[in-house]
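One chain comes next, on its own, written out as structure tokens in the form predicted on its own.
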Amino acid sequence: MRSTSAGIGLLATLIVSPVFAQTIYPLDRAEILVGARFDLKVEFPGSPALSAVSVTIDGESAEKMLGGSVEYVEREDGQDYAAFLIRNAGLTKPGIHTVVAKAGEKTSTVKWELFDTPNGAAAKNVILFIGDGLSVAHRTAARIMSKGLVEGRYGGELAIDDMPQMALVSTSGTDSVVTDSANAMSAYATGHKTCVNAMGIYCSRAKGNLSHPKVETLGELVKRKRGLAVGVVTNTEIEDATPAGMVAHTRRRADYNDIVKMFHDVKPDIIMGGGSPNFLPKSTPGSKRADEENFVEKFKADGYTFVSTASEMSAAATAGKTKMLGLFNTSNVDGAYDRKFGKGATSKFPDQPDLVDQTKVAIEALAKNENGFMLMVESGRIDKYAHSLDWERSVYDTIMLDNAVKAAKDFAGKRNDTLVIVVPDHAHMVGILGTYDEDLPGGSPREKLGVYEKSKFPQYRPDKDGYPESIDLKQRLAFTFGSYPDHCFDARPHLEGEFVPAVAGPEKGTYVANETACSNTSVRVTGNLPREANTGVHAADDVVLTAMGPGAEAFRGRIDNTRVFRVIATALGLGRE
């Protein structure tokens, strides 16, 4: 063990210590997989000397129990506390473990649950689908639009609904009732809750974004313990919170350059999404890196096939490539509506792949690994369009998610070794309250709204893939948002491009209604969010998980989001050495 500054006496410690006691990470009630790696950190207020403190686990010294050496920093980042650290630690004995940290008369205690997994793995493969922001209303609207609703009965089932196991998932984090995607995905990928904007760490008082105590991610764990192939597929930037959660350890989800390096450190076999500028050296036009590192070339040097279009992806799959880096857009991959019917950014990137095709290619490549695979697929723009109050685009991407799930179910249905999970990371405040009917008199949205018996069944006409060929119907769903900034609302679909509800206001950091959306048929809506918000926000509502395959029977009732990790770890037998 080592101390990084001179010691101070216990008496001085007791005099200057704040009234609160030390903080222990992992936090109380943490559920930790046997053999999973994590950092133990204790923060001692008042910066006592190492000789004045003790940290024990079940009465034994922490360093003996964890098999690591202690790093002790008396004033971490110049702050008035000492940091006791044992990095990359692990425990092997299942059960409840008691951690006690003492400094003088102050004592803090937490309990951890170490859980093991059965000797025999139930599943060889796991496919985890994340519908980012997917709420119950999104499911309902997707079912109405893609399957039809006549006399109160649907014309079919969504693939995401037609699964034997279901559970309600609670998503709050360690610091707030309402979570963000980083925190939520981190719970799925590590089994530990954390705070908003963080992934793969516990949020301590350290100032550096990369200095917080780490917990091992699924992307790391399944490769280290089982030799599984790993895939990360999204239609957002690959560095965005949900895909990054499979590999990243950072307090700040926006640190894309660090996250690209973390992808390269972990090396998932299949990496697909948008966000190419953070992979390219600073001297490249459009690059967002602060250095000259070229991560496209680094991945290629490690045996990856680089693809930037759907055609290149298909050719690589045909050639049997098993390691692919796919970057299909400088930002997010365009959503389903704009690629098929709208006017998004597709003119800049005319050959972007569909999430369904990405999923099929990923499964085909990963399945070549005889040990099995772990694949995470995110339909991320469900959330992004919900933020911008553009529900039709959000639901089109829900239908796209459903089609991707169907492809996975087709693969899993031929065998009995693949666990398929579909789960949102968090909810949005959305609901369906009726329909808008252009045949009703008047010109404002309130006059066109039909509720109860006036909410007639809209006749969306889906194509073979379930996407309605038109959304500008005389009768349309009244899909509403419960959180919003100041904006103008006309109850019409946004055919020309994604809705922009609010723009920068006269006062720095505030937003006002986007006047280009205001007309004599719109309603000016006073926002219910702080004026610093320019989009809708997440909700704390429970979300619906559905699953099938070996291990899925563990999903039932209401669970915390960390339980998703535990079910995956159990199905794959990750606790076994």
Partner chain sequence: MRGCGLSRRKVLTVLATLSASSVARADDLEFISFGGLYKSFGVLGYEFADRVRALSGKRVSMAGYMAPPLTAESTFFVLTREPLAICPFCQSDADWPVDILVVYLEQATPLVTAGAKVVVAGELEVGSLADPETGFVSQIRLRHAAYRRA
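Numbering follows the first chain given and starts at 1. These numbers were taken from a predicted model, which means no experiment stands behind them.
In what follows, reference is made to the form predicted in complex with its partner chain, a form of this protein that is not presented.
Contact here is defined as any heavy atom lying within 4.5 Å of its partner chain in the predicted complex, and by that definition each of E237, S287 and A290 is a contact residue. Across the options 408-416, 469-477, 223-231, 303-311, residues that bring heavy atoms within 4.5 Å of its partner chain in the predicted complex belong to 303-311. Among K348, K454, R75, K93, the residue placing a heavy atom within 4.5 Å of its partner chain in the predicted complex is K348.
Taking L280, I86, M324, V99 one by one, only a single residue has any non-hydrogen atom within 4.5 Å of its partner chain in the predicted complex, and it is L280. When contacts are judged by a 4.5 Å heavy atom cut-off, S276 counts as touching its partner chain in the predicted complex. Residue contact check for A502: one or more of its heavy atoms lie within 4.5 Å of its partner chain in the predicted complex. Of the heavy atoms in L168, none are within 4.5 Å of its partner chain in the predicted complex. In the predicted complex, its partner chain sits within 4.5 Å of a heavy atom of P506. Residues of 253-270 lying near its partner chain in the predicted complex, listed in sequence order, are R253, A254, the criterion being any heavy atom within 4.5 Å.
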